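We give structure tokens for two forms of one protein chain below, kept apart as structure 1 and structure 2.
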Structure 1
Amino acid sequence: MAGNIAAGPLSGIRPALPLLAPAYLWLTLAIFLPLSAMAFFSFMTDLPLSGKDWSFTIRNYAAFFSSGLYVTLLWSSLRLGLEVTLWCALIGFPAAYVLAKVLKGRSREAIFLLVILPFWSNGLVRIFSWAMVLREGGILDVVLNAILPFKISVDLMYSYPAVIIGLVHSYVPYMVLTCYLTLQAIDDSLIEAARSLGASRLQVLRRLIIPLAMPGLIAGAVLIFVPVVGSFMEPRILGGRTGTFYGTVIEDQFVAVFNWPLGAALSFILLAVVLVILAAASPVLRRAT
């Protein structure tokens, strides 16, 4: 098909240029040039504006490696990303399975829509809504005390579990979506064949369904892990003082401490980590989409 178009008058980039240029120039100005500028800027001592003296330095990167603080924070952010991803897989995969293999027709469509709908509403507001549930005197506290015969005080607010809960709530629809797409593609007759040949349900799950659904699981994991490692608003709101992560430190450099070159270096290190993960997963991602 591509060949037959190329043979016509519609080949070469020249006729395509007027249609392409506006969009790609915009992307260059607002995404690609800024990312390059950040890389450049992370090697400077100070802002090249406002008449200040500046020179090239690797001080900002040295700060990252010499002070154990930033390395530790990056690790804790990576751990946070891993934990949230695991929870999302544990919660999201079974849901995707039910959606793809148990539910049928209109109820499937409606529930699928309900699962991914919150995902397109405001993330900040959804994180805030957990404060209503998790705080002392919040709904969880009230309901548990009404059910349980003894008095307990539930105050998960401003804790590590609160951050996990909020992030899992934010990102689990991704996992359901990607797993659903791969699970739906598995032919039901394959499962029936395995069952009729004497495989148990568990064997079918372990030897057939999970391997075939792997691209979806990996795609979901990458789509969740990457933004969680860079999260800062969620730990701030739900984690309080315990919510110091790599992302919150970068935020501080730009809005509180005003050490932009250090912030740029920290951002750029995060970008490098992210790109390595994306590159490693790209063959699987390409197959999954």
Structure 2
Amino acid sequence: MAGNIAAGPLSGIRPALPLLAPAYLWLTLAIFLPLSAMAFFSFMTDLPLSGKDWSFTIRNYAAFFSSGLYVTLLWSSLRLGLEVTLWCALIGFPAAYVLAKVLKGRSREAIFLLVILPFWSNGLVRIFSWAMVLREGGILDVVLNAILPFKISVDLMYSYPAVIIGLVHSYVPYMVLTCYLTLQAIDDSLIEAARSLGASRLQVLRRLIIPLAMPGLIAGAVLIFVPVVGSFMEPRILGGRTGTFYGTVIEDQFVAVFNWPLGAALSFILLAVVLVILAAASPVLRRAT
């Protein structure tokens, strides 16, 4: 009897193994092996590829706590992730609602195409396009001076707002897509019933739509917050000197300084902090969903 019970789940998985094996093999090769190598490097004094003598040490992790600079940059990156996630929610949720509940037919398809359009272009192309728009004498400057009766100078390049704009543009489609899926699953008859019972539009939004769409909001927030905290391209190009964050420091260790052990240690500290934040927030997120 027990053998039959134990064999039941295995007998159900066994036919699917040929389909699951390629995906899990690829995940093992593309994710776990590089992470294992980086974990190994993070405890080394130097790269073995350089031909220098090396040994195991925890000095790379101790460097994070001994220098207040890394802690400050990590806090700045976490704040950046929260701000970008908030802006993506404020912009993406209304857009997703319009797509799911207002637009129909070809107009929905056209707007949906515009939403996913950033995925079709290279990240560097998007960033340098914003550089052409935000710099002094750029597209935004020219358009505003052509419309307004007085002369103004718009130069947002190499500033914190420019970094926010570039990151929001890159990641807001994730919020739109996740919210769209949950909003589309809401039965229109529920909204009509609430309206027929005297609920205002604001009450329907606050007590019906947002709670039912919360899984999409949370999924989008996680998809945005995690990569933004470690982002380096947008801060580097659009932020200039003001775009120094934790992710740009990690990139410098790998590319400029060639200190891979310290860069790997800083990367794993960032991974640990993000996992701790998600674990601490999981009870609240679980109640929300």
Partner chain sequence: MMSATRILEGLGRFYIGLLLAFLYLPIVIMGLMSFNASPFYQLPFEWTTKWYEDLSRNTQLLAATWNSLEIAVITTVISTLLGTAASLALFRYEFRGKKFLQALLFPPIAIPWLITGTAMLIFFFGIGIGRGLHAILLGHVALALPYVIVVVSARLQTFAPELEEAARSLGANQWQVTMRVTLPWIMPGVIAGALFAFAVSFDQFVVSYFLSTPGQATLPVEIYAAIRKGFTPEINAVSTIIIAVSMGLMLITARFFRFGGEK
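Since this is a predicted model, take the numbers as computed values, not measurements. One-based numbering along structure 1's sequence throughout. Here the rigid core means the biggest group of C-alpha atoms that line up within 1.5 Å when the two forms are laid on top of each other.
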Q: Pick out the form predicted alone: structure 1 or structure 2.
A: 2
Q) Does the C-alpha of Ala146 move 2 Å or more between structure 1 and structure 2 once the rigid core is lined up? A) yes
Q: For Thr242, decide whether the Cα shift between structure 1 and structure 2 is 2 Å or greater, given a superposition on the rigid core.
A: no
Q. Has the Cα of Ile31 moved 2 Å or more between structure 1 and structure 2, judged after a core fit?
A. yes
Q. Taking the rigid core as the frame of reference, how far in Å is the Cα of Val273 displaced between structure 1 and structure 2?
A. 2.9
